[in-house]
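Next up is one chain by itself, shown in structure tokens, the form predicted on its own.
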């Protein structure tokens, strides 16, 4: 039996039920580890699941950060240094990746606390997660407050990408089955992925 759930009913859910339900509505997402440093050089690594493609020319990626009613080291670091990294999470590391969501003191690096190796690529000053099968370095384009719920939209320009050549197709597609990264729903539920099919460009025909 199908169930209709109204906005009024969702509003009556307790905080955590509403949070999990609403976060799952858009389905599978790619949780990514965001690597930053503070102006003083302290490294930070935090998991974000609301990351999305914006455009290809120039290549831009958007990311939603939660409300800043409490300190958010990632947002502060990006604001200060103007650069950051996105790192896809290997299947073997999803538990450690999830633990980066804990509230660590500013002076504690998640890289060190969780034994996740930081890596730097020449010419780019923000830390990557060394074992990530797909690494993206970005420069900050804009930070825009979203008034509806006090979140923040961060838009970055892609400056570099590192990926194994075997997982980069001649068409430009990336083989995520070969990359063996995780997908997620909500804030705490993880899945593996499997290739199904790739279809030709859709054209309307009379």
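Numbering follows the first chain given and starts at 1. It should be emphasised that the depicted structure is a prediction, and the values quoted were computed from it without experimental measurement.
Beyond the structure shown, there is the form predicted in complex with a further copy of the same chain, which is absent from this document and is the topic of what follows.
Proximity of residue 108 to a further copy of the same chain in the predicted bound form: non-hydrogen atoms within 4.5 Å are present.
Mapping the unseen interface onto this chain, residue 50 counts among the residues with a heavy atom inside 4.5 Å of a further copy of the same chain in the predicted bound form. Using a 4.5 angstroms threshold between heavy atoms, residue 30 counts as touching a further copy of the same chain in the predicted bound form. Although the partner is absent here, residue 43 sits far enough away that none of its heavy atoms falls within 4.5 Å of a further copy of the same chain in the predicted bound form. Of all the residues from 89-107, those having a non-hydrogen atom no more than 4.5 Å from a further copy of the same chain in the predicted bound form are 91, 94, 95, 98, 99, 101, 102, 103, 104, 105.
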